[in-house]
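Just one chain follows, in the form predicted alone, and it is written as C-alpha cells.
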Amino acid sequence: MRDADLKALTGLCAKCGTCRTVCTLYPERKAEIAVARGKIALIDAAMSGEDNDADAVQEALTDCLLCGRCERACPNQVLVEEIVMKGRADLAEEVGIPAWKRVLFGKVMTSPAATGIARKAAAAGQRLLPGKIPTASGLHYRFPDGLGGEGRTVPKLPAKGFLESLGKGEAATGEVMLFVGCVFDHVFPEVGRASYETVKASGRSVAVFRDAACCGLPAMVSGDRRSATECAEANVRRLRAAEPGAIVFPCGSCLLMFKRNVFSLIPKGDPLYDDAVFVANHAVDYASFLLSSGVLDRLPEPSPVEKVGEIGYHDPCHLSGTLGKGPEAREVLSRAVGPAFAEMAGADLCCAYGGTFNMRDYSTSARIGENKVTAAVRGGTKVISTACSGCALQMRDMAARTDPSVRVVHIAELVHQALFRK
C-alpha cells in the first residue's frame, strides 16, 4: 500500500482507544484488530513496509460494519470510514476481490436491465422451492437452510418490481425526483409504492428515477472502486440533467452515497464535480421532505390510543448517525401514528447488517441483530420502523429468528396507512 492520501488520514489517529469503547464489533471479537485503532495501525505498518501480508490486512479491513460509531466518537475526528474504504479499494487493486462480488457489482448492479433479470430469476427460483412452510412462526418467507444458509430468512421476491408497476408515462417527469433504490424497487416494492404515493401527496409533480444503476455504495464498501464510480457517474449525469427541485431518498444509505461518499469517487477537479455538488445539495431524506412539504398537515388525527407505545424506530447508522437525521423520522412518526409511537429500547444500536458483512459473517451479524430485536421486544415494541433498505432486510430477518410476531416496516408504509386510512 502506497497511498499519500491514506497516510495523511491515518496520521490523525492518536491511538487513544476511544473507538474501542463504542465499536459494535468489539464485544464479539474481543480483539484490538477489530477496532479502528488496530486497523489503522495495520494500514500504517503496510504502508511503511513493515507488514507485507496484504491478504491479512484486507481481511482485517473487511471485518468492519462501517457503522461509523467510532468516527462520531473520535476526539480527533479521524475519518475512519473513509480510511477503511480507501484501504479496501487499494487492497482490492493489489490482491483482488471475490469473483461473486466482481459479477454482482460490476455486471449486475451497474445495469438496471441486469438487476431486473436477476430479480425475476431469483423470484422464479423461490417459486420452485417446496411450499407449505408453516406461517405461524414467520418462516413463510424463509428459504431452506441449504439455500438460505445458516437459517437465514430471505424475503419472498415479487414477480413485479415497483418501477414495473408504474403505468406507461406515469411519474416520468416532475419537479421532485424519487430515488427508490434497488431494494425498495425489487425486494420490497410496497415501500417504493408507499414512498411514491406519500411524496406525491405534497401536491408537487413527482418523477421516479428509472433505468438507474445502483447508488454504488455496495461496490464502494467492497473496494470495487471502478464499479462504484461507474454507478455514481451514470446517476449524477442523469440526475443533474433532470434538474429536479429536490431528490428524495427513502433509503438512508443511498442518500449518504450522494451526500458524502460520491466525492471520494468524483473529487474536486473532476469534470462531473459540479454536477455531483448539485445532486448533493438537492438530495434529501424522506422524512425531511415530508416535514417541509406540508404532507403531514393532511394527516387525520391518529387513531385512539389503543396501541400506545407499540411502534418504535430503529436508527439507521448512516441516516441517523452520520447524517444526523433521526429527529425528523421521529417527528414524522409522532404525527402519523400519535401515541402509538414511543422511543424503542436500543434504537441507536447498529443492526449489524453492514452491507456485505451480513453475507461474509452471518453468525456474528445475526447475534448482534438478534440482541437488538430482543431488547426492543422486552421494551414493549411490537412494530419496528426504519428508513434504510439494509436495516429493513436485517431487521426482518432478525425478527423472524427472534420473535416472528414483530413487524418491521418502513416509515413510509405507516405514513401511507395514516394518510389514506378509510
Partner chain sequence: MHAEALSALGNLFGDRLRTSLETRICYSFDATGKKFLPDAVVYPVNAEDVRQTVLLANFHRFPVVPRGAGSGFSGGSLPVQGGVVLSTERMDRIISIDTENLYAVVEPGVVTETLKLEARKRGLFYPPDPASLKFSTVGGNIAECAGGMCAVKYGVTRDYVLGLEAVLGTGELLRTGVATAKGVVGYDLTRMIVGSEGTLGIVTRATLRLIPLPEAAATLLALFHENRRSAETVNAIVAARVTPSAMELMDRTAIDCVQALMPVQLPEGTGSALLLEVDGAEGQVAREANLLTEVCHAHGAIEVRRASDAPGREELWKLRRSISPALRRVAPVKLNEDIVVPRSRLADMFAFLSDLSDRRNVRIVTFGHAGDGNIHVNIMVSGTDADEARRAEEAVAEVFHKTVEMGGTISGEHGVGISKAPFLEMEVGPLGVAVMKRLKACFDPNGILNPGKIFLDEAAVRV
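Positions refer to the first chain, counted from 1. Given the structure is predicted, the values throughout are model-derived calculations rather than measurements.
Not pictured, yet referred to below: the form predicted together with the partner chain.
*Asks:* Could you check which residue among I33, A375, A366, V383 gets a heavy atom within 4.5 Å of the partner chain in the model of the complex?
*Replies:* Selected residue: I33.
*Asks:* Counting only non-hydrogen atoms, choose the one of 349 to 357, 388 to 396, 53 to 61, 366 to 374 that falls within 4.5 Å of the partner chain in the model of the complex.
*Replies:* It is the stretch 53 to 61.
*Asks:* Should G269 be counted as a contact of the partner chain in the model of the complex, where contact means heavy atoms within 4.5 Å?
*Replies:* Output for G269 is no: heavy atoms all beyond 4.5 Å of the partner chain.
*Asks:* Does the partner chain come within 4.5 Å of any heavy atom of G379 in the model of the complex?
*Replies:* No.
*Asks:* Any of the heavy atoms of R401 lying within 4.5 Å of the partner chain in the model of the complex?
*Replies:* Heavy-atom contact with the partner chain at 4.5 Å: absent for R401.
*Asks:* Would V406 count as a contact of the partner chain in the model of the complex, using a 4.5 angstroms cut-off between non-hydrogen atoms?
*Replies:* So V406 does not count as contacting the partner chain.
*Asks:* What residues in 11 to 30 sit within 4.5 Å of the partner chain in the model of the complex, counting heavy atoms only?
*Replies:* In sequence order, G11, L12, C13, A14, K15, C16, G17, T18, R20, T21, Y26, R29, K30 come within 4.5 Å of the partner.
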